[in-house]
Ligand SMILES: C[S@@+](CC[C@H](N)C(=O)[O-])C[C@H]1O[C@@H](n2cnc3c(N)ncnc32)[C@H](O)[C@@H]1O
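The data below hold one chain only, encoded as structure tokens and taken in the form predicted alone.
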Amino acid sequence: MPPSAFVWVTHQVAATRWLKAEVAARAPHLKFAFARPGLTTFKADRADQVGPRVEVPTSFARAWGLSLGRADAADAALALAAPHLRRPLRLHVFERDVDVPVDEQDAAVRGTRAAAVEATLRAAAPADAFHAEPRAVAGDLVLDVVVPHAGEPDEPWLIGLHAHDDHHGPWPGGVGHVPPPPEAPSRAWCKIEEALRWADLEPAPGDVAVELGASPGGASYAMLCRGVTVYGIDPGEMAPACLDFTGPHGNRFVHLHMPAAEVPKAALPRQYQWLLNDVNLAPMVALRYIERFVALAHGGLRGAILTLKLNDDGVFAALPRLRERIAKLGAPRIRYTQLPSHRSEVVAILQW
């Protein structure tokens, strides 16, 4: 069977077992083929079942596409890409994950191999082979080059291809880690920024957000810096960076200092455009509150970013029921992924 019968998925190392089980259940025509840390490939029953628009139905994929093969040098990689170079491609070179949380890796090392490989490919390719900018837009054909993490020994690169649409993140690897500013109250800042960038969403200045599980304020602070007024619901304490925030657009932070179950309807704005959830509860329990706060938005929601904690196999086994309940929230577009800053969690990104 030709190389075009294979697809690749990049993901967190810790999610490998769950990803393989989910694909086996939801896409039985894809059979596990090969894996490296943070990279798993599947073989299709027939070559015509996969292509640049292939979908891999799993909540754990950060990026995926058609596999063209493996290469250990620029000329070999460009030879694999040659049949697709009828027009400029978007070039995405990125490192696969390692089994170390991204915020514990050496920031001076991470990404350096990808940068070097990208420079080599651009230098060796014809002048019009690749777009200059990495951010993909709908309709782009993207050449994906997955390389080992810069802290690991080199090995052949996986060369892939995907047709960009709104199911894919627009950046190399879907999205890279977004380091927090020094004043961010917590690493939740990274999670919300990565989710927005992966989904290519832009909250507008003047929007209003409600966050469940807001303390100490990382995600709230990210939204405040984007010009959004945030109602943060949490019985815990909030960081001064949120409590004292006054934005150039007049946006501010409102702390509803109580559990989500106790928030009266009168304490909320009549409408809000964004709902965030990072509450430290089992997903089935958290969804009870999410359902209520979706209803209380009175049809004004533009988006929801719902972090779901996956602490054990029991929660993973409940994912199909979780997806069914999330589908009933009424969003026309629902996407799932696991971001660089996530640990035992995935995010559901809803858009109205």
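Remember, predicted model here, so these are calculated numbers, not experimental data. Residue numbers run from 1 along the displayed sequence.
This protein has a second form, the form predicted in complex with this ligand, left out of what is shown; the following refers to that one.
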Only one of 71-79, 215-223, 130-138, 157-165 sits within 4.5 Å of this ligand in the predicted complex by heavy atom distance, namely 215-223
Can you work out which of 281, 268, 125, 243 has a heavy atom no more than 4.5 Å from this ligand in the predicted complex? 281
Tell me, which of 275, 117, 175, 188 has a heavy atom within 4.5 angstroms of this ligand in the predicted complex? 188
Check for me whether this ligand, as it appears in the predicted complex, comes within 4.5 angstroms of all of 6, 52 and 144 - heavy atoms only. no
Please determine whether residue 109 contacts this ligand in the predicted complex, using a 4.5 Å cut-off between heavy atoms. no
Report whether the minimum heavy atom distance between residue 233 and this ligand in the predicted complex is within 4.5 Å. yes
Is residue 316 near this ligand? Define near as a heavy atom within 4.5 Å, in the predicted complex. no
Residue 260 near this ligand in the predicted complex, any heavy atom under 4.5 Å? yes
Can you list, in sequence order, the residues from 281-315 that come within 4.5 Å of this ligand in the predicted complex, counting heavy atoms only? 281, 289, 309
